[in-house]
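Okay, here we've got a single chain as structure tokens, the form predicted on its own, with questions on binding and movement later.
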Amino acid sequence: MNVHSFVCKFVFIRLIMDKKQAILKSVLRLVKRDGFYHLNMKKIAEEAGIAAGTIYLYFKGKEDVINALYKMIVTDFNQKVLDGYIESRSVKENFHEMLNNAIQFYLKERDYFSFIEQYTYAPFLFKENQDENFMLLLPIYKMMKEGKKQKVIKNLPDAILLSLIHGSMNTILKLHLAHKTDLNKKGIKQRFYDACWEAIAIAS
């Protein structure tokens, strides 16, 4: 492949990626504003500033767009959470840092938090998104398995452990967004992290 062909191919791929991103960002805005059930391809096209038929060049339909957005958010979210993992640290230290990164991600990307909240209870969770690679909190899930192996985390079913963490995180975020508490205060965050750890840890 000569240089000209390579550049043309790169530009073409970049244009496709940019168009897909524009569509996904439009869906994110629409879901926040109107929810899933009022979402349709016409509205997505209008929000993205493109023809409705153009969306079908990239996605099969509404559900496909929604699932693609979910995958994008989960990938970004789990990567951010992984930034807090250092193998040489204790399970507790990693747990605190990873939970902090999860909270900070949602505080920065509030539209993502709104989308995940709605997606969790919507009928769009196809089998492909139940794959472990697209499991929200996958890094924390793996860390908890290691904690159980080291006998520092309670030997409870993973679903219960994750509900104790994710449910608590969702609640504290909603309270913060409703100005019922302030997660920007270090003392509040630290007490929350400690409480979450105590909920899943074996008492020493």
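This one's a predicted model, so the numbers in the text were calculated from it and none came from an experiment. Quick note: we count residues from 1 along the sequence shown, nothing fancier. In this text, the rigid core denotes the largest set of C-alpha atoms whose superposition between the two forms falls within 1.5 Å.
The same protein also has a form predicted in complex with the DNA, omitted here; what follows describes it.
Peer 1: Considering non-hydrogen atoms and a 4.5 Å limit, does the DNA approach residue 41 in the predicted bound form?
Peer 2: Contact with the DNA, yes.
Peer 1: Residue-level question: is residue 19 within 4.5 Å of the DNA in the predicted bound form, judged on heavy atoms?
Peer 2: Heavy-atom contact with the DNA at 4.5 Å: present for residue 19.
Peer 1: In the predicted bound form, does residue 58 have a heavy atom within 4.5 Å of the DNA?
Peer 2: Yes.
Peer 1: Report whether the minimum heavy atom distance between residue 53 and the DNA in the predicted bound form is within 4.5 Å.
Peer 2: Result yes; residue 53 sits at the interface with the DNA in the predicted bound form.
Peer 1: Can you tell me which of 160 to 168, 137 to 145, 174 to 182, 45 to 53 lies within 4.5 Å of the DNA in the predicted bound form, counting heavy atoms only?
Peer 2: In the other structure, the partner sits against 45 to 53.
Peer 1: Who in 101 to 122 is close to the DNA in the predicted bound form, meaning a heavy atom within 4.5 Å?
Peer 2: Not one residue comes within 4.5 Å of the partner.
Peer 1: 2 Å or more on the CA of residue 62 between the shown form and the other one, with the rigid core superposed, yes or no?
Peer 2: Comparing the forms between the shown form and the other one, which are aligned on their rigid core, residue 62 does shift its C-alpha by 2 Å or more.
Peer 1: Is it true that residue 40 shifts between the shown form and the other one by 2 Å or more at the Cα, once the core is aligned?
Peer 2: The answer is yes; the displacement is at least 2 Å.
Peer 1: Does residue 169 move its CA by 2 angstroms or more between the shown form and the other one when the core is aligned?
Peer 2: No, because once the rigid core is superposed, the C-alpha of residue 169 moves less than 2 Å between the shown form and the other one.
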